[in-house]
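Okay, here we've got a single chain as structure tokens, the form predicted on its own, with questions on binding and movement later.
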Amino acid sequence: MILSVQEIAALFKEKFYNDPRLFFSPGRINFIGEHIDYNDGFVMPAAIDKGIFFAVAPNNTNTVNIYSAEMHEELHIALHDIHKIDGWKNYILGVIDQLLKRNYPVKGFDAVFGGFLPVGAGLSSSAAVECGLAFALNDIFDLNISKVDITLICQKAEHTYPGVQCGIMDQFASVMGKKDHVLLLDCNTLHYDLLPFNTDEYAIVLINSKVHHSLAGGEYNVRRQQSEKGMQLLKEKYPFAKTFRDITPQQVKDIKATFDDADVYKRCLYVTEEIERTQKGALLLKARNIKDFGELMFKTHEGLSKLYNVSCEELDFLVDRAKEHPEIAGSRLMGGGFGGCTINLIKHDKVEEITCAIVKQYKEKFGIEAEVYSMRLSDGTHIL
């Protein structure tokens, strides 16, 4: 369901008889550095022109009233009674809970939200909702929260209410993104560089496998636990190491025999290789070398599929088909995995021809009608 900002504003006036402030909170893509943010490495995300619109206004009560235009569901709750509720409401409530726990003077408010950001596609709809709400409340209540602190508050909100132990990448990209730029984010220090992304020759295209996943309490958290376990072993063998960035892939291979869990070994090897790929990718983008950058994307998918084990048959199929087209510089699964989208760099004049062919092959193989989205890089969360 695609909703415009005008439709969101109209819904707000229909339900609350008031004039709201309007905000846009984008989803994000990530070129290289998947599952690296919670491993203290480097990631390369960007905000996109698809996201969530919020219409928000104070209501001079102590009650929160929120309407999800996509779910056609309402939430009414008193500020003194904020607690966990299943589904999308937890992403809203987690943000409010974190603001109240930090003693920010949040009062009652009304809100309507919706837009175009397919749930389960790996575009981080959850971060867009969290950051959009936090940004809006920061504005309407003059909370004076910095943009970086908004990202940290929203990350903590996702840890506590939905229960997904996510890294900082999704929230950071959603808030800090810049049009036509990619972020090279150090997830340990939160230092970041803005890298211009030259799209003169290649389009950014997502192919949605339509295979949906749920990360909460599942395999995402398992991967994080395995990585933490592996890092503890690496620290025992290499006392100088504080994070994965201090370890090379070769050093992981050198102590392979000491791992009593083959999966933990594979996770560590993937993480160290991906940290190296991300740093190399930044140099290639600065040199405007999209072709070699794309090759790194293919290698990332190989690692995600064979070492981190977060791919699936459908995603592997889409990437294998992409490899058959020389006009595609790179392709890989994007997001937490187990479904969602592949991200592809395709020459502009071949996008329609190639995506139609791949979607046709995909339907013949799996009986699923994949969806194709062209993306542009956008500014982060902002008032409209």
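Note that residue numbering follows the sequence shown and begins at 1. These numbers were taken from a predicted model, which means no experiment stands behind them.
Only in words, not in the display: the form predicted in complex with alpha-D-galactopyranose, which the text now covers.
Chemist: Tell me, yes or no, whether residue 166 is in contact with alpha-D-galactopyranose in the predicted bound form, where a contact means a heavy atom of each within 4.5 Å.
Modeler: Within the cut-off, so yes.
Chemist: Residue-level contact is defined here as any heavy atom of the residue lying within 4.5 Å of alpha-D-galactopyranose in the predicted bound form; does residue 220 satisfy this criterion?
Modeler: Looking in the predicted bound form, residue contacts with alpha-D-galactopyranose include residue 220, since a heavy atom lies within 4.5 Å.
Chemist: Using a 4.5 Å heavy atom cut-off, state whether residue 53 contacts alpha-D-galactopyranose in the predicted bound form.
Modeler: Residue 53: no contact with alpha-D-galactopyranose in the predicted bound form.
Chemist: Give a yes/no on whether residue 40 approaches alpha-D-galactopyranose to within 4.5 Å in the predicted bound form, heavy atoms considered.
Modeler: No.
Chemist: Name the residue from 335, 330, 27, 45 that puts a heavy atom within 4.5 Å of alpha-D-galactopyranose in the predicted bound form.
Modeler: Exactly one listed residue reaches within 4.5 Å, namely 335.
Chemist: Looking at 313-321, 62-70, 344-352, 32-40, which stretch has residues with any non-hydrogen atom within 4.5 Å of alpha-D-galactopyranose in the predicted bound form?
Modeler: It is 32-40 that comes within 4.5 Å of the partner.
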